[in-house]
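Shown next as structure tokens: one chain only, the form predicted on its own.
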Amino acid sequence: MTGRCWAVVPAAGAGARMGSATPKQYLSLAGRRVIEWSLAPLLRLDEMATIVVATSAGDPWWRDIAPGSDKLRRVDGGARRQDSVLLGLRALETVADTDDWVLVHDAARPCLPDEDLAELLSRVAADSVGGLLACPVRDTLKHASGDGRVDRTIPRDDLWQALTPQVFRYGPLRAALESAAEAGVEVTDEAAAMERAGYSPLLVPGSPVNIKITRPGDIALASAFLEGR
């Protein structure tokens, strides 16, 4: 990828499913905090200009563990992921050009392989829309009825599990998220916002080790990968 690249890392979530008073992005993992592992591959990019980390207002954890880098900038995030990403994009409005690339990465994805990130940036550089890391769905999918029983099996052909990072041009991505916000539409990732705006993001195969820390068992899985790596 040529030219400048910016990043937004939404980190305002509480991670209630972890059952911890400490948000999941600040949990200890293999000698560091989860978010430190998540930021590390982005900080290693030579073309990365600024990484905006959107935390909750008054976040008491960030100031204690923020890696020492002049590339990092903290802003207040919002109630939902899409709100935090949009606030991060707005924080870049005086420095980012509309055609600059913006990379959005989950604060709770600590196992992003450098080679996957490099492949993503290489593939989207020649694409007019942008794209995301994703994994083809491998397991059989079941749809549940209201009483917790299976009511049908969903064909997995052509189904992909969305990962992060997701990379799009600054102008179109901000416009897509602004439009969703104005319409009161919830989008669960940046690709969904771009799809709603009429774009078809590129799917770039990524490693299944790029897990998102969501439940207690995920810490053990991530630790095994990071320590083995």
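One rule holds for the numbers: they count along the sequence shown, beginning at 1. Just so it is clear, the model here is predicted, and its values are computed rather than measured.
A second form of this protein, the form predicted together with ligand C5P, is not displayed here; the remarks below concern that form.
- The putative spot formed by 10, 81 and 106 is fully lined by ligand C5P in the predicted bound form; each residue has a non-hydrogen atom within 4.5 angstroms of it.
- Contact with ligand C5P in the predicted bound form, defined as any heavy atom within 4.5 Å, is confined among 178-186, 57-65, 193-201, 23-31 to 23-31.
- The partner is not shown here, and in the predicted bound form the stretch 174-208 never reaches within 4.5 angstroms of ligand C5P through any heavy atom.
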